[in-house]
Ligand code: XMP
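Form predicted on its own, single chain, as structure tokens, below.
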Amino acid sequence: MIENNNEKILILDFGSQYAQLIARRVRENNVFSEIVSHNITANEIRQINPKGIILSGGPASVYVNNAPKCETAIINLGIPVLGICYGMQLGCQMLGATVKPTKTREYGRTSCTINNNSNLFKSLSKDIVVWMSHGDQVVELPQEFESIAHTNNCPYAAIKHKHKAFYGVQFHPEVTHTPLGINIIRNFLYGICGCNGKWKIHSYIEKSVNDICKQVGKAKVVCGLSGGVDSAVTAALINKAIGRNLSCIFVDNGLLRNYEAEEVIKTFRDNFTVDLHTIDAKERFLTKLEGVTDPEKKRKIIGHEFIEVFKEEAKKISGVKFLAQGTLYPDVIESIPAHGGPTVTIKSHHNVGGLPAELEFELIEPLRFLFKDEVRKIGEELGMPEILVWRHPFPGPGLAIRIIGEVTKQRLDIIRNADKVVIEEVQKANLYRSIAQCFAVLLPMSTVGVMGDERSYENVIAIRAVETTDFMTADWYRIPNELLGLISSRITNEVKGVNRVVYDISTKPPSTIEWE
């Protein structure tokens, strides 16, 4: 792990899908954060010596058998602790409080009244809006506690211990639906934990470059390029550290967007002085995907074939000892529960733990503890082209998971042409930077239509556009109706085989951003 200084906040994961949001909010306050398992011991935490500890939410009830718990000794370390939702209930229970199911569950925006001016709510007004999501709550507190906030249905919406540095909130300050949640987290970090806020991207770059130099020495590194910002920034960081000892491999798997392979090759040759190897493997991937419709099988086939192609090319480069990957923190957490924590796996990521041990390369993942917006900041600091830094995220399996069902050359042509229209019109409307991600999806159905004077029975394209800062939660983007109409008209007129266009207005959760 790479960090700028010894100042750190540990987030104990109890299965919350929002654990990453907590980490993001901490980092937004210029304090480094790391998500660890709830099974971490008090001794391990003592050795890490964090400035503070946050207990995440989670789907379980603290009073049921096998509920995830941490050592009570953690709360007695003298390190400030903030419990959020399940984390608050657990901490309170360990310190003698009673937790039971509520008669009236609270979900969504809720009015909350602050009882006193504790450090946690410093400079906040008495009445605030918070986001609740709970069916259990603390119903009885020992005398050592005091309630510092309440709602109509929750007398202990926030609490503090009178003698220990333990605070708890029943609501979720990490979500944007708690408008002053970032202030509450800041108060915990600075007013309670005594952080100084030295987590900066510039110093991260310096530390990362130094660490890469120390790890690699004079050996060679090979890096797989996708053309996206993650692999590009990885390559740029390593190139800054070791120069020409970096070789990059770009595999054209035939699942890229229109002219994407050409753009990737040109961009890297124009902006980087690295040894670039390009492999045309389009037919190879299509053959492997023939007849496959299950999305997870598609991901695994593509990941496995990428490994084989990459491995064959990497072995041709002499002196390579290290493999670089553009793995991000969300990839790690979504694919493998953090340090064995209970977070539910949503989908597999082909770039996490993908390349096999027989390559005999040591792994370098300089972005492994970063979020997407932090990676973009690094790209800007390194002077990378805007077209790379702000390119919308594109999944590793490419268009294969934007084609629902079997991947064929004909269906790839349809999705490529439809996606091209979407991106072109969004860029013309100057909305590309406002939208976090937009793309087309080819659905596994045909619908009746009229083309000219004839009946048609052709494909359906879905348009997906979202706004988000962290990609853990997302809202659908309100593309103006006129623009949607233009996109639909162009697709049905210009893309052969499509007679219907629909717009996806789902949020994440309950949906994911990608359809597969």
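Remember, it's a predicted structure, so these values are computed and weren't measured experimentally. In this text, the rigid core denotes the largest set of C-alpha atoms whose superposition between the two forms falls within 1.5 Å. Numbering starts at 1 and follows the sequence shown.
The form predicted together with the named molecule is left out here; the points below concern that form.
- The contact residue chosen from His172, Arg411, Arg299, Arg391 relative to the named molecule in the model of the complex is Arg299, the criterion being a non-hydrogen atom within 4.5 angstroms.
- Proximity to the named molecule in the model of the complex, defined as a heavy atom within 4.5 Å, holds among Gly227, Pro395, Gly379, Gly254 only for Pro395.
- Although the partner is absent here, Gln93 sits far enough away that none of its heavy atoms falls within 4.5 Å of the named molecule in the model of the complex.
- Interface residue remark: Phe471 is counted as part of the site for the named molecule in the model of the complex, having a heavy atom within 4.5 Å.
- Residue contact with the named molecule in the model of the complex: Thr176 places no heavy atom within 4.5 Å of it.
- Although the partner is absent here, Gln437 sits close enough that one of its heavy atoms falls within 4.5 Å of the named molecule in the model of the complex.
- Here the chain stands alone, but in the model of the complex its contact with the named molecule, taken as any heavy atom within 4.5 Å, falls in 395 to 403 among 133 to 141, 77 to 85, 395 to 403, 309 to 317.
- Looking at 498 to 516, the residues that come within 4.5 Å of the named molecule in the model of the complex, counting any heavy atom, are Lys508, Thr512, Ile513, Glu514.
- The Cα shift for Phe439 between this form and the one not shown, taken after rigid core superposition, is 2 angstroms or larger.
- Here Lys122 does not count as shifted, since its C-alpha moves by less than 2 Å between this form and the one not shown after the core is aligned.
- The rigid-core alignment places the CA of Cys154 less than 2 Å apart between this form and the one not shown.
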